[in-house]
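Presented as structure tokens, the chain that follows is alone, the form predicted alone.
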């Protein structure tokens, strides 16, 4: 593609000379599971995310699973989540034996609707919820979600897989989360050289529990307090991620610039609906999301690809449309907003290092299609 949807090689070229010696040192020291580089990365992540403690793990899905368990979610419990999200959000709830309660999203910010959330709680009495900070920003009602969950005794997990670098009212989005999660899948804003994840926590008690859950439920060497998981990070991954985190300001600047470019270039077109973060939320430039009025999302993507633009449709289907959710999930309301969004949404190329010329090519092609 003349304009790829994502090009990880641009960041890798920047990191290569720094990472290779660190990897050699990891190999010499056999830092294959845990080690000093993992501990150092956790401290760096805590600083970047504005939280007192971070526990690393093998991937973002594991972070969700152990995060739910640390919040006390048990088999048979009901857990709310948005109907528009990545499958892992749903999957983690089922993996701990809980029952998903699907809630519609807000048409303005595409995050879980606070009003629908409150209505669902009154109707179904769920005891936990996963709030997803989707598309590189967060809900305009984030403070309301947190306050309501405290008042109502709902354990709240915040899925920040797409929100590294997002600020809400001047603070990192997960700074106020009881427990938050993130993913280091290579395509993320902070992406690794392999799968990886982390959990943010406020209390020492939660940190101890999470470290145990990620290490087979271990209490002491070969002594176990609970049934846990095998979910640990290697020094090799930590060395790569540390190099990425050190470049976070430049990565965020590049991504935010591209997102702003698209909004300025496309914002005045009557047939183009551009999705954007709400007031008070500083996005990280993870995705450029829009819809063309009167056209289906796949129709637009196909037309863009025919013009050499590597567009895609991130989350073209809702959770309730997935076969494993049939007869399992509780559906609250008609879920019409999330279904409409998934049918129309389009994502333009956006990644660290994308040029203005590439953004212009993508925007010009979209304008031609929308006219």
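Treat the numbers as computed from the prediction; the structure is a model and nothing was measured. Numbering follows the first chain given and starts at 1.
Another form, the form predicted in complex with a small molecule, is not on view; read the next lines as being about it.
- This chain lacks the partner; the member of 148, 275, 229, 86 within 4.5 angstroms of the small molecule in the model of the complex by a non-hydrogen atom is 86.
- The contact with the small molecule in the model of the complex, taken as any heavy atom within 4.5 Å, belongs to 188 out of 188, 295, 263, 206.
- Of the candidate stretches 126-134, 164-172, 219-227, 96-104, only 126-134 contains residues with a heavy atom within 4.5 Å of the small molecule in the model of the complex.
- Interface membership of residue 55, defined by any non-hydrogen atom within 4.5 Å of the small molecule in the model of the complex, is ruled out.
- In the model of the complex, the small molecule sits beyond 4.5 Å of every heavy atom of residue 67.
- Residue 196 belongs to the set of residues with a heavy atom inside 4.5 Å of the small molecule in the model of the complex.
- Taking non-hydrogen atoms only, residue 200 never approaches the small molecule to within 4.5 angstroms in the model of the complex.
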